[in-house]
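Okay, here we've got a single chain as structure tokens, the form predicted on its own, with questions on binding and movement later.
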Amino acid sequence: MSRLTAITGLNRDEVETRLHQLGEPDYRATQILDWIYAKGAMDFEAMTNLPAALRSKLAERFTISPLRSVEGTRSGDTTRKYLYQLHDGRYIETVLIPASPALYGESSDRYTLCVSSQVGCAYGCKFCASGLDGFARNLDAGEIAAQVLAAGEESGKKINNIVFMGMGEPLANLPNLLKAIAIINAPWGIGIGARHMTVSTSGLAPQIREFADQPLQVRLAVSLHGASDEVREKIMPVNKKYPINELLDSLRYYNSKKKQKITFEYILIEDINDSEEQARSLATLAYSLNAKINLIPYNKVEGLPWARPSEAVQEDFLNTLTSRGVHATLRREKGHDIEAACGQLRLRKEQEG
């Protein structure tokens, strides 16, 4: 695949600058961005109000999307996973998750897209497929933002909620992430509100502070998965660098800067972090930060030894939290039948190749 500049990675000023270099006026940027983000054009030839000569110049220098669709799978619960190839032959995954009818009603048009920020992951969480093949590189802003356009085109659905919870650690790619968020949020861009975007982190304390200083009210989710250093270090190596107390300090700083509640993501793994003692400790941590908790039963990954607890254990864990005044939900993992956990489809494709 050729390495053309992706317009999805350029902000409005950058598009205008590139057009000036081609001798074009500012209003051409408005036309091009409208074709891409409002009308869904994926080819410059579709931009019929541009001169043919300009369309040819654009096609020689730019691409609208830097992604090539390779594979799509659909779950029985209508979760959809898309596999995209990048210019260097690497693969990333994007998952489209429909709203739960129990929460939003059968006719809900709420669609959440789980977006990747890196190829692979360097943080080595023991339960996750994303890092099994190591870290390859960061995605650039265009590769991040283009996932929203590509999944919307393939699914025919209007995506109105974004979670940066796919492959990789988003805060380890903060400059590209912030640029992509600005493009996704912009009225001339994809136009999704900041409060409809969530960034998930494994707990990079310095970057959480830096993220807190950004003006947009983007939500923050923390992959905690252990309520004590002893338990968390068994499955999350990042805890050795940023133990829970240091992480909590950064989250208190985040709370001082933002109006949005923090969410703790907590994957329940049998005989690892599903004890009543862990539930009580987790409740204490969440209560101190006024944080919400998403409990997620472990999604089986081939080659890893972990298992999900029984439903009875899951419910007991939830009840321990709620009985202590914590807002907690038990989220049955969607897409279990299509390898929807981070990195599984990409890992299989890389191994096949």
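Note that residue numbering begins at 1 and tracks the sequence as displayed. All of these numbers come straight from a predicted model, not from anything done at the bench.
Absent from the display: the form predicted together with S-adenosyl-L-homocysteine (SAH). The rest refers to it.
This chain is displayed alone, yet in the predicted bound form one of C128, A150, I181, V95 has a heavy atom within 4.5 Å of S-adenosyl-L-homocysteine (SAH); that residue is C128. Here is the short version: of A279, I208, V218, M165, the single residue with a heavy atom within 4.5 Å of S-adenosyl-L-homocysteine (SAH) in the predicted bound form is M165. Contact annotation: Y298 falls within 4.5 Å of S-adenosyl-L-homocysteine (SAH) in the predicted bound form, judged by heavy atom distances.
I267 belongs to the set of residues with a heavy atom inside 4.5 Å of S-adenosyl-L-homocysteine (SAH) in the predicted bound form. Taking non-hydrogen atoms only, D274 never approaches S-adenosyl-L-homocysteine (SAH) to within 4.5 angstroms in the predicted bound form. Proximity of N239 to S-adenosyl-L-homocysteine (SAH) in the predicted bound form: non-hydrogen atoms within 4.5 Å are absent; the residue sits far from the partner. Exactly one of the stretches 198-206, 250-258, 79-87, 154-162 approaches S-adenosyl-L-homocysteine (SAH) in the predicted bound form with heavy atoms within 4.5 Å, and it is 198-206.
Residues of 219-241 that come within 4.5 Å of S-adenosyl-L-homocysteine (SAH) in the predicted bound form, judged by any heavy atom, are S223, H225 in sequence order.
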